[in-house]
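The chain below stands alone and is given as C-alpha cells, in the form predicted alone.
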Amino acid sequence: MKRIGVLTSGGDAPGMNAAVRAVVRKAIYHEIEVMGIYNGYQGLIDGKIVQLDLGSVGDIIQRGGTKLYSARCPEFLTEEGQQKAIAQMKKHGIEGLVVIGGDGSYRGAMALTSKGLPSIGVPGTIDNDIPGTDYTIGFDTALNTVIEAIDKIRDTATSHERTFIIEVMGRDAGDLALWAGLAGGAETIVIPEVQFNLEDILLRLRSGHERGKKHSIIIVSEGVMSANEFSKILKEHIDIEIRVSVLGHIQRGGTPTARDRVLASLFGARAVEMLMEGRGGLAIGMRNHQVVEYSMTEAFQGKRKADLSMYKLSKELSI
C-alpha cells in the first residue's frame, strides 16, 4: 500500500488531532503517503483531499477539535454517494482509509470496505458509547471538563443552599453522566440504562434536608430527558429551590488530556499497521488496557453496556 486517506466524521472529540497526527507520521515513517480528507464523508464526495506531510500535523497533538473538520453527509448513505466517494478515492490513488469517529462513521467505513476499499475505524467520541472498546478518544477529556464544572457549580449550590440539576451529553449512553457523577460526588445520577425512581430521589432530597443538608447535585444524562424537564417533575413533588445548568458543547472542546493523547496515538498508529497488512472492515479498541481489533459490525450492531456497579456505588456513597 503506497497511499492511504484519513478523515474525521461525526461529532468532534478532543484527541482527534492526536489520532490524525499518529496516522500521518506512522505512515510516512513507513514511506506511505497520506491524503487528508476534509469535512468527513462530504469532503470525500466533493474531493476536498490534500496530501499531508510531517509539517501538516505539527503542533496539533495538544489541540481540541479536528484539523480535518467534520460534517454530516446524508448523501453518503446512498449508493450514488458511495460511488462518488469511491471515484474520488481512485482519482487520488487512495488504497485504504482510516476513519476516526463513532458508530455512524463506522457504517460508512464498512460500506467502503465491502466495495473493495479497506477501511479501519478509530473510535472518537466523547460519549464512550461504542461497543467493543472500554474507552473512546475524547471521553476522558470531556469527563474532566464536566467534573470541573460540577466542582464550580457545587460552590454556588453550597453558598445559596440550592439543588442544582446538571445536564450532560452522552446521547443514549450514560457513561459521561455516571463517571462524572461518581467523581463529582453527585447525590443523584440519572442515566438511560437505569429507570430512575422518582420516590427514591425525593426521599434522598427530603432526608438530606432533614439532617441539615442544604444543597444537592443531580446529574442528568441528555439521553433520559433535559434538565429543564427533570426540574419540572421535581418541582411538582417537592418544595425546594432548584436551578438548572446545561453544560452543552463546552464538553466537546478543550485541550485533550494525556490519556486521550496516548489513546489516540496508539489507535492511529495501529490503524496504519492494519492497512499495511491489507486488512479492512475492522475497528480498533481498548480492552483491559490492551489495544484490540474487532469487526466493525460489532460496533454498530451491538450496544455498549454501562458499568452498573458504579451506579450502585454512587448511591451508596451519596447517602
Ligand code: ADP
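Start at 1 and count along the sequence shown; that's the residue number. From a predicted model like this one, the values you see are computed outputs, not experimental measurements.
Below, we refer to the form predicted in complex with adenosine-5'-diphosphate (ADP), which is not included among the displayed structures.
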* **Exercise: residue 72 in contact with adenosine-5'-diphosphate (ADP) in the predicted bound form, heavy atom 4.5 Å** => yes
* Asked: Would residue 135 show up as a contact with adenosine-5'-diphosphate (ADP) in the predicted bound form if we use heavy atoms at 4.5 Å?
  -> no
* May I ask you to state whether residue 202 is within 4.5 Å of adenosine-5'-diphosphate (ADP) in the predicted bound form, using heavy atom distances? => no
* Partner proximity in the predicted bound form: residue 145 to adenosine-5'-diphosphate (ADP), non-hydrogen atom cutoff 4.5 Å -> no
* Of 156-164, 226-234, 76-84, 181-189, which is the one stretch near adenosine-5'-diphosphate (ADP) in the predicted bound form, taking non-hydrogen atoms within 4.5 angstroms as near? -> 76-84
* To do: Flag this candidate site as yes only if 41, 102 and 108 all have a heavy atom within 4.5 Å of adenosine-5'-diphosphate (ADP) in the predicted bound form; otherwise mark no.
  => yes
* What residues of 1-37, in sequence order, lie within 4.5 Å of adenosine-5'-diphosphate (ADP) in the predicted bound form by heavy atom? -> 9, 10, 11
